[in-house]
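In the form predicted on its own, a lone chain appears below as C-alpha cells.
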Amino acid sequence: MNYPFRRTCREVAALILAREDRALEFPERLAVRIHFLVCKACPRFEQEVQTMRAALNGWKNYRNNGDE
C-alpha cells in the first residue's frame, strides 16, 4: 500500500535541502512534519542545515562589512 505522506529519510532530507531554494508545497510540508513525528535523525539534520545557514549568513555579513 502506498501512503501519500509517507516518506523515507532520504526523501525528507531532499525536501529539507530543497526548502533552501524554494517553498515546499503543502503536501510536501505535511509529509515532512509527519515524518518528524516518527524519526529522530531528520529533525537533527534540519537543525544542522539551519546552523550551517546561520553560519554562512554570518560569514556573508562579515565579508560584506569588511569590504567597506
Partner chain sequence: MSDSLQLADLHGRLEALRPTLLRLAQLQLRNAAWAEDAVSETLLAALEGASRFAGQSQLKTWVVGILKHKVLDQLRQRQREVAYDTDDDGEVIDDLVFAPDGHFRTTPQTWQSPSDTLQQRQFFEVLEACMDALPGQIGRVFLMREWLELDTDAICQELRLSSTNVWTMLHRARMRLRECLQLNWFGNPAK
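Positions refer to the first chain, counted from 1. This one's a predicted model, so the numbers in the text were calculated from it and none came from an experiment.
The form predicted in complex with the partner chain exists for this protein as well; it is not shown, and the discussion that follows is about that form.
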> Do residue 41 and the partner chain come within 4.5 Å of each other in the model of the complex, heavy atoms counted?
Replying inline: yes
> Looking at the partner-bound form in the model of the complex, is residue 20 within 4.5 Å of the partner chain by any heavy atom?
Replying inline: yes
> Can you check whether residue 25 is within 4.5 Å of the partner chain in the model of the complex, heavy atom basis?
Replying inline: no
>> Taking the partner chain as it sits in the model of the complex, is residue 62 in contact with it (heavy atom to heavy atom, 4.5 Å or less)?
In response: yes
> Going by the partner chain in the model of the complex, which residues of 45-60 come within 4.5 Å of it through any heavy atom?
Replying inline: 45, 47, 48, 51, 52, 53, 55, 56, 58, 59, 60
